[in-house]
Structures are given as structure tokens and as C-alpha cells.
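First, one chain by itself: the form predicted on its own, in C-alpha cells.
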């Protein structure tokens, strides 16, 4: 996949995005436990499908507001392993020059906002960005991500309500992974499904299997094409599960083992791979070649970035103050 170009809606590309995201995060988890990651480590292992599907559903001028578990958004919009390892290992060549938290990065040239917070603050930003671009004649739509816990915040309500009132075409994707840190969904809301909140805003709500990347791509692509032509926001609640704690500092002991096993049996990468193998869009030989090439690419990037220099302390004040 070429950087900064729209990937087509090819299912093998969808699988590749998820696999690269998983491989990068698995390496970052190891690096964190080796004391080589500055700050915390948060991963989306097990829930790569929503971000990957959203990227293939979009176009180059669209806007994305990913959160801490949306590595697949960065990968899907063209960020390669070198770029991402540089950020997480705080190298001088990183997007933030080693000066900001490892999750506070993005690339506006690819339509990806640097994350402010995973507690809803990004949703008003992407809503406003889409509105601004459309007023300039750009047929932009947005994809805003939020967790089940984050959907209880004021920022979520304000962004969805504003978008509904002004027909701003944003796909609000709620990734229901069953826990807001350690608080289960049973202690967060009483509705049967978070998509049920949509009618209260006067918009349509959709439920989706967040571990079936192919079905999710089909849904998001149809919605993206529709709201680009008939601007309005939509809400999509995806059922998924993170396979690790809130961060690597969290032992995840509060999650029932049987719940984890039920979702592990429907790993999104395995579900997508098996479907493509079954219908002939992927062969065993192609699968093994893809797996090997991604592992080689990610391993090589991790080694090379680890050898790159950290920021020079003498440059500490550069970029802090605007020139007078």
C-alpha cells in the first residue's frame, strides 16, 4: 500500500492492515516490558477491525479521530512501522520529535488528528473539521471513535447532538469492548445496545459485529457513500473485546476468563483470514507469505528505529515558543 493514497476496498488489504497493526503492537508490548517505551503502553489487540474497515471505507480528504486502541487507523491511512516505532520510542525523527506522549500523534496530511484524549474530546474536533472542509467545497466526511465508557461523557453528547442538528456527516463509531477501564458496561448504561441511543439524537443507529472485519467494511462503506451524498451523522455501535488490560500496567484480573475466551475464539484476524481462504480470495501460500513479510517488515523496523538517536537535550526549547 502506498503512503497517503486511498487504499481500495480490497479484503486482503483489510486483512493486511489488521495484521500490521497487531504485529506492531505485540512488539511494542515487549518493548514496554523491557523498559524501552517512554510512558504507558495501550493496545487494541483484538479490536483492530473497526479502524481498518473505517480506513478502507473512506477517501483521501476524509478526517479521522482515532483513540488509544486505533493503531489500525494510523496504519490504514499510510503510517508505516518505522514512523510508528519512532513515536513510541521517542526518537528525534518521530512525528513529535520525541517531545510528546507516545499516543499524542497523528498526521493531518493523511486526515488523522493527533489524539487529545480518549474521553470524548476528539469528537467535537472531527465534527468541526468536517464542517469546515465542506464549507470550503471539499466532500469530506469524518470517522470519530469512542469507547463504551467515553460515550457517557459530555463531549460525546455535545458532538453527536451538534452534528445531528447541523447535518454534519460523521460516522460515530462506539467500540463497545465491555469495560471502561475496569468498569463493566452493566454499570455504565441501561439500554440494550449503545446504538439505541441514536434515536434520542434524531439520527440512525447501527449495530455491528466488531470482530467481523469484512461485514464491518461492507456496512461502513455503504454508510460512508450514503452520508457523503446525503450529509448527516450516523452512530455505529460495534461489539468487540480488547484482549489485554486498559494498558500494560493493568493485569486485567477483573475480566471474566470465559468472556475473554469467547472473543478470543473470534479473533478478527482469524475470522477474516478464514473467510478469505474459504471463498478463494486468499490461498494458503498467499497467507503464509503475507504473514512472513509482515513479521520481517515489523521486526526490521523495530531494530532500525531502536538504533536511531534520541532527541538532543540542547534542542529542548526548540518549538516551545513562537518566534517574536
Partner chain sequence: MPRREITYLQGIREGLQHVLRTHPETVLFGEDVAAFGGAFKMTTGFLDAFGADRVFDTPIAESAMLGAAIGMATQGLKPIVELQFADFATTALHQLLNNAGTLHYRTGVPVPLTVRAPCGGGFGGGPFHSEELEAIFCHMPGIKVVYPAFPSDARSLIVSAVLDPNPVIFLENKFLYRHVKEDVETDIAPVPLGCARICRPGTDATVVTYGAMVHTAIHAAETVAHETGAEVMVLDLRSLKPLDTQAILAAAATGRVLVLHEAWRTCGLGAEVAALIAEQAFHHLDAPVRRLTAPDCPVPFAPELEAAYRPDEPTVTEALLDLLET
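Heads up, when I say rigid core I mean the largest set of C-alphas that superpose within 1.5 Å between the two forms. Positions refer to the first chain, counted from 1. As the structure is a prediction and not an experimental result, all values here were calculated from the model.
Unshown form predicted together with the partner chain; subsequent notes refer to it.
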**Report entry** Which of 67-75, 117-125, 142-150, 179-187 sits within 4.5 Å of the partner chain in the predicted bound form, heavy atom basis
**Finding:** 117-125
Query raised in the report: Quick one: is residue 92 in contact with the partner chain in the predicted bound form, heavy atoms, 4.5 Å cut-off?
Result: no
Query raised in the report: Does residue 158 reach the partner chain in the predicted bound form if we count a contact as any heavy atom within 4.5 Å?
Result: yes
Requested in this report: With heavy atoms only and a cut-off of 4.5 Å, decide whether residue 135 touches the partner chain in the predicted bound form.
Outcome: yes
Requested in this report: Check whether residue 131 has any heavy atom within 4.5 Å of a heavy atom of the partner chain in the predicted bound form, and answer yes or no.
Outcome: yes
Query - in the predicted bound form, the residue from 28, 56, 63, 298 that sits within 4.5 Å of the partner chain by heavy atoms - result: 63
Query raised in the report: Within 4.5 Å of the partner chain in the predicted bound form, do 47, 246 and 251 each have at least one heavy atom?
Result: no
**Report entry** Residues from 164-178 in contact with the partner chain (non-hydrogen atom within 4.5 Å) in the predicted bound form
**Finding:** 165, 166
Report task. Superpose the two forms on their rigid core, then report whether the C-alpha of residue 306 is displaced by 2 angstroms or more between this form and the one not shown. Result -> no
